[in-house]
Each structure stands twice: as structure tokens, then as C-alpha cells.
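Single chain ahead, by itself, as C-alpha cells, in the form predicted on its own.
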């Protein structure tokens, strides 16, 4: 295995898979109850990716937080034998981690062609999928890429470090950006079930649904742009005194 960059540690989780602990964020990328199991439940299944993959158009997945690449690798494993083309677009702040992933997979039969096409974009084009990793501040890299590429995503893996550690990727303005570049059939899934995050989603125009529990968490959150929000969630949000996260109020708190 290639040497991880400084300030990162591998942590084995309960299902035998590994997650990454970031010393900078003082947080692990996944639940210690099972990194791969959580990825399957919340993201691949939570966004109903396999059943929505189509042979007639490219299915686009946006992942917020690349980390060790577990979201991509799990998706690749599940979609390997299915017909259909897909584009996996992921965001990562830490260039060293992306370089680690490239080195770690230099002999992988499908991933050895990873190439820096720009200083901040690592990409691989395979016969049935594209992997694009945007490196840098996601609030800067994603709008530029989306505007230039005219991309519309069908699934969003909202898997950033927690709102307490990385609030800028959980605000109303962030979810408005995601909505702006989403396809009508988009499904967003996240491990968070906090009222503040659900309010951020709801106030930016998303339809809110309750997601499955995993590990010690009693619930998670799914979101779409069509249909109606779960009535019990709306009642909970109406009664909750917490505010939606916004770019303004997280800066005030900081």
C-alpha cells in the first residue's frame, strides 16, 4: 500500500473495511460501524443508482468528499456488470490524498489511466464510465466546472465532513448550488439527520425524506426535487428552534 500523506490515519471499521481519520478535521470519513456498508446503504442504494442506470444516457453522480475513494470504488464494484454509461464527479480539498489514490491504483486494470488534465482536475475515461476529481475548495471548483461542462447530476452523495467540522458544505447556499445543476430526477442522500441540515435543504427548495438508520444514528436524510416532503419531518422542523445553516450565520459563529 502506498504511504498515506501526513495527518491522515487508516481506521478499520466493524465490517472490515477501512475509513480515513483526518487530523485536520479531527473526524473520520465514515461511521466506524462499517465504512463500506455505510457507503452502500446511504449512497449507492440511497440514491438508487443501480436501478436508475440507463443504457440510453449517461448517469451522473456527484460525490461531496472523495477521501480514500471508497464511494467511487464501491459504485464501480456495484455497476461493473450493468449496462449503461456513468460519470462520477468527486470533490476533494486535499491534493495529497488524490495523489495517494492515483499512486495506490497505478496498476489497477481500470484505473491506471488516471491523468491530470488540469492542475486541479484528475480524470480517467474508461469505455463505460468517467471519473473526474476536482481538487481544491469545492465552493470555488464546483461552480466553475458545472458552468463550463453544463453538467446535470442525477445522484448526489452528500458525504462531507460533519456540519460541526466543515459547515461551508452544508449551508443553504451550498444546497442551492447543488439544486441549480441537478437533473429533475436527482436524488440526494446524506448520513446527517440534523434539523439544521434538513432546514438548509428545505429552505433551498429540496423535498425532504427520512433515510435509513445506520450504526448508532437513528436516521439519515434523502432529498429530491419532485414529490412532497415527509409530513413528520416538516412537523419536526416546524417545532425545532434551530436555524438552517447559511453562509452568513456560520461565519458569525466562527
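Residue numbers count along the first chain shown, from 1. Note that the structure is predicted; figures quoted are calculated from it, not measured.
Note that the form predicted in complex with a small molecule isn't included here; everything after this is about it.
Is the gap between residue 122 and the small molecule in the model of the complex 4.5 Å or less for some heavy atom pair?
Outside the cut-off, so no.
Does residue 68 make contact with the small molecule in the model of the complex, using a 4.5 Å heavy atom cut-off?
Heavy-atom contact with the small molecule at 4.5 Å: present for residue 68.
Can you work out whether residue 136 and the small molecule are in contact in the model of the complex, taking contact to mean some heavy atom pair no more than 4.5 Å apart?
Contact check for residue 136: yes, within 4.5 Å of the small molecule in the model of the complex.
So in the model of the complex, does any heavy atom of residue 161 sit within 4.5 Å of the small molecule?
Heavy-atom contact with the small molecule at 4.5 Å: present for residue 161.
Among the candidates 151, 168, 130, 177, the residue which, in the model of the complex, approaches the small molecule to within 4.5 Å (heavy atoms):
By the 4.5 Å heavy-atom cutoff, the listed residue in contact is 168.
Would you mind picking the one in 79, 89, 97, 111 that has a heavy atom within 4.5 Å of the small molecule in the model of the complex?
Selected residue: 97.
Within 4.5 Å of the small molecule in the model of the complex, counting heavy atoms only, one of 153-161, 79-87, 103-111, 178-186 shows up; tell me which.
Careful reading of the contacts points to 153-161.
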